[in-house]
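Encoded as structure tokens, the following chain is the form predicted alone, with no partner shown.
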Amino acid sequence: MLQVRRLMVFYENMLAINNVDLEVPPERIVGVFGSNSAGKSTLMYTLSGIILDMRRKEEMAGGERITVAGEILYRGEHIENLGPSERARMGIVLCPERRRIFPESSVLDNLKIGAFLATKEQARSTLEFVFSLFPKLREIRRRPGGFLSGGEQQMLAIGRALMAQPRLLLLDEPLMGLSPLIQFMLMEAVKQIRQERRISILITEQYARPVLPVVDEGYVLEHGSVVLRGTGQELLENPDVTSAYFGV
């Protein structure tokens, strides 16, 4: 599904992603774990193509120079030079860090906005799936997004991403700032998404405890480099991972 080879990203003279190799097989859940500033969001921006828009805006404003090198293959096709809209049409959809919903629009309108790539039938069936996945959203579908709790906003952000008909869903730190109960519920939803929609999922998180039991394979990122790789069970049993990312 997705193959990343020797990926490097520089912000001016700072190395943010350092020679990263990564794979997301079809219909698998892959996790990337690391502390703040490890490079997780930069990785997601690069895979989704947003980094190219960031680079263009910086060049126009005379700001810092962003350099991207390496290979990104999606379903066997090189996509390094494709913009975010082109990648979204191919099925690569990012659910960004900190949700970034439209606060003045209702839950239902936020979801409809996400369906810009869907046919009417796809939008209808996916909306029903989202409401079955997160029944709370059906109850509050007329409420403005800015009046939702953090957990409700994250459900909405994931639902909106699903409305775009992803084949590869990128979840950037979806558990940030949420209670353990909501975190568990969201990870159960991730498993259901993979099972029922049969899509691949790449998820980044700082805290591995709620995510590792769900992933098929995981990577640990430090200072932009992959320092550990293994199955979810292997990483669960690794004392360095439990010490650094479980706080024990």
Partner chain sequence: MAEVQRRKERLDRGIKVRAESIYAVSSWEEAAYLLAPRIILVLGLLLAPLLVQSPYWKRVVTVVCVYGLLGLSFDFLAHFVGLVSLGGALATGVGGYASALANKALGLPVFLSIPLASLAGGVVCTVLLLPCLPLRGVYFAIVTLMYPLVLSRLVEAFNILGGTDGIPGVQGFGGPWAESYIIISALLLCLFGLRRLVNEDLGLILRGVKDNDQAVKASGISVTRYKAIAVFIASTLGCLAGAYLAHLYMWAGLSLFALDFSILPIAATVIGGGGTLVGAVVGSMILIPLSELLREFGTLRIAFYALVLMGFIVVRSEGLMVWAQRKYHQFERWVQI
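Residue numbers count along the first chain shown, from 1. Computed from a prediction, not measured in an experiment: that's the story for all the values here.
Here the subject shifts to the form predicted together with its partner chain, a form of this protein not shown in this document.
- Residues of just one listed stretch (38 to 46, 23 to 31, 53 to 61, 218 to 226) have heavy atoms within 4.5 Å of its partner chain in the predicted complex: 53 to 61.
- With the partner removed from view, the residue among 209, 197, 191, 65 that has a non-hydrogen atom within 4.5 Å of its partner chain in the predicted complex turns out to be 65.
- Its partner chain in the predicted complex is not approached by residue 109, whose heavy atoms all lie more than 4.5 angstroms from it.
- The shortest heavy atom separation between residue 69 and its partner chain in the predicted complex is within 4.5 Å.
- When its partner chain is considered in the predicted complex, residue 12 lines it closely, a heavy atom lying within 4.5 Å.
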